[in-house]
Structures are given as structure tokens and as C-alpha cells.
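Only one chain is given next, in C-alpha cells, and it is the form predicted on its own.
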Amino acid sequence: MSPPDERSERAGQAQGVIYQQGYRHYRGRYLGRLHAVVSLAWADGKRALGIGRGWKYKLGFFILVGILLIIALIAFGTNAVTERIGAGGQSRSFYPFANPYNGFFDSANGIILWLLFALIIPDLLCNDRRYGTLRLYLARPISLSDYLAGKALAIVGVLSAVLLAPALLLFLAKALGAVQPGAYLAAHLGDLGALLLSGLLFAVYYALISGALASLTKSTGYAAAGIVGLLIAARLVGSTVLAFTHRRMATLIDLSQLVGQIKSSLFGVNQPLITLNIQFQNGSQPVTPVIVQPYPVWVYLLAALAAVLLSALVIGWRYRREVDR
């Protein structure tokens, strides 16, 4: 061992040497803001699909997607039955699977799809603000609009894929099951185009509405409950008002009806609103079916655009307020 005086002398000496002072310029390749947006969307897209997530998230995600696949199988089977008995053409306006692709979106546009939104969107939007990750993103050379564009690209991309995968499998099954698959494809290219547009329409519409609700809180639980609760409440209120008043104005209350009616017009289906006539007479409650014709599609298109623009304004306002704090 060294003597004590030698150890104390060494301790007082400098242990490191600075060879160069100052900063060096970055000499690597600049990929640009677009690459940053795409990278953010890619990372969030994988997260939304359950890659790198816990088993609970994966289980919930694949159960909901599996139910959508089952709905597509039901659409295929019931449409095959109606075509065999020759009822498809006669009941096109009343039977939901007379056009199986339109019927698939009608059946999917409910609680299962809403639970999927509540699972994906709050997780991608709330946690960044809750844990302060948003400020870390913005510390890099990307703007708030870049960040929101990456999030929107991820959410719309995943929701479109989840919706279109069962629908495209349904289309493929119908084509392969036809006597002449090539002739079926040629005759139903319009349905294929409407199917793709409907999937994108649903994804963008619900992504903005759900995103606006998720932007109001940092809690994923509250955001999920708000998304599902609002959509259920809108449907219940709209159905109740329609049942008691028989006025088609009630369809403007139901947020799912707005996008549903636009989707039906893409498939060329004029689907009337079937409700119940509820009357109270001498303590009794007779119930009879009532058919109400919907508004022209441009009315639902304007209402949906208003809902989308309002949601986009809410998202922009909330995130700008978060950044300015």
C-alpha cells in the first residue's frame, strides 16, 4: 500500500484531462420533419396494435377484433341464405345484409367498435400528457402540428386496418364463392370502392370525436368512459326521441347515425329508419312498427362535418393550452 501522504497527494491531483472544449456541429444526415412524423406514427401504430404491450391490452384488442371478424362471417352466411331463397332483391331496403358490406358496417357500428376506440385512442393521447412525454417530443425539432399529425396518422391507420380487414375478407370470400370470381369482381368494383371509403370514413370520423373527448382529460379511464358513454347516450336519446316523436330530426342526435347514413349512400342503399310506435291508452302500451324516411344524405354529411370540425377545434385548443402552460 502507498503511504498516507502519497495517497492524499494523488487525491488532490486532477483525475481527468479535457482535450477539447466547445461544441461540434452535427455531421449526420438530416431526415426532416416528415420522417419524424412518420416515425412517431409508426411507433404509435405498433403500440396500438399491441406490439410491446402487456397481455391484458393484447387480449382485449384481439377479442374485439375477433368479434368484428365474427360479424363479417355472419354477414357472409346470412347474405348467402337470402340470395338462395331469392329475398335479397325484394327486401334490399329492410334486410340489413341484402348488401353484405353495408350490413357489416351497420352491425359493426356499435358497442364493439366503440370499445375498440376507447381502448386505443386514450392510450395514445392521454399518457403523453399525463407523464410529461409531450414536452419531450416538442423539445425536438417538431412542432405541435407535427406531433398531432403523427398521432392522427397512427390512429386513423390502425382503425382503418381493423375495420377493413374483416370487410375485405368478406369481399374476398364472396368473390371466391361466386361461380365466376372474375365476373363477380368486375360487377362489384363499386362495392369494393364503397367498402374502402366507408372504412376510412369511420376511422376519421370516430378518431376525431374520440380524440376530442380524450384531449379533455389525462386519465385513460375517464377518457375511455367518456367515449363509450357519449356514443351510447347519443344513440339512446336519438332512439327514444325517434320512438316517441317519429321525427327524423332525432337521427341527428345519434352520432353513429350521421356516419351510418353517409356510409349507406356510398353503397347505394336507401335504408329507412324502423322504430316503434309507442302509445299509452287506458293504461296499456300498444307497440307497432313505424317506418321513417331519413334526410337526404347531404344533411348527414353537413352534420358530420360540423361534428368533425368541432372535434378538431377542441383538440387544437386543448393541446395548445397544454403546451402554453
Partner chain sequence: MSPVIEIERVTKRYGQVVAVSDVSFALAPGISGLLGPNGAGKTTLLKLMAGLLTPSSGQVKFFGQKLRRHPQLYRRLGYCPEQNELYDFMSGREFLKLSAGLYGLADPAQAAEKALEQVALSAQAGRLIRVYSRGMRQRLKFAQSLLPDPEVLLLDEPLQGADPAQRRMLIELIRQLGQAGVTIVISSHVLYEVERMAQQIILINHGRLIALGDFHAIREAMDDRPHKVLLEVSEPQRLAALLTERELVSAVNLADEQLVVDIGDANAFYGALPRLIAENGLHLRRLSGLDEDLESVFRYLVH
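In this text, all values refer to a predicted model and were calculated from it rather than measured experimentally. Positions refer to the first chain, counted from 1.
Although it is not shown, the form predicted together with the partner chain is what the next lines describe.
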The chain here is shown without the partner chain. Which stretch in 62-70, 42-50, 254-262, 294-302 comes within 4.5 angstroms of it in the model of the complex, by heavy atom distance? 42-50
Verify the contact flag for residue 133: yes if a non-hydrogen atom of it lies within 4.5 Å of a non-hydrogen atom of the partner chain in the model of the complex, no if not. yes
Should residue 244 be counted as a contact of the partner chain in the model of the complex, where contact means heavy atoms within 4.5 Å? no
Is there a heavy atom of residue 182 no more than 4.5 Å from a heavy atom of the partner chain in the model of the complex? no
Just checking whether residue 148 would be counted as a contact of the partner chain in the model of the complex - the rule being heavy atoms within 4.5 angstroms. no
Scan 152, 112, 164, 142 and let me know which has any heavy atom within 4.5 Å of the partner chain in the model of the complex. 142
For a quick check, can you give me the residues of 194-208 that have a heavy atom within 4.5 Å of the partner chain in the model of the complex? none
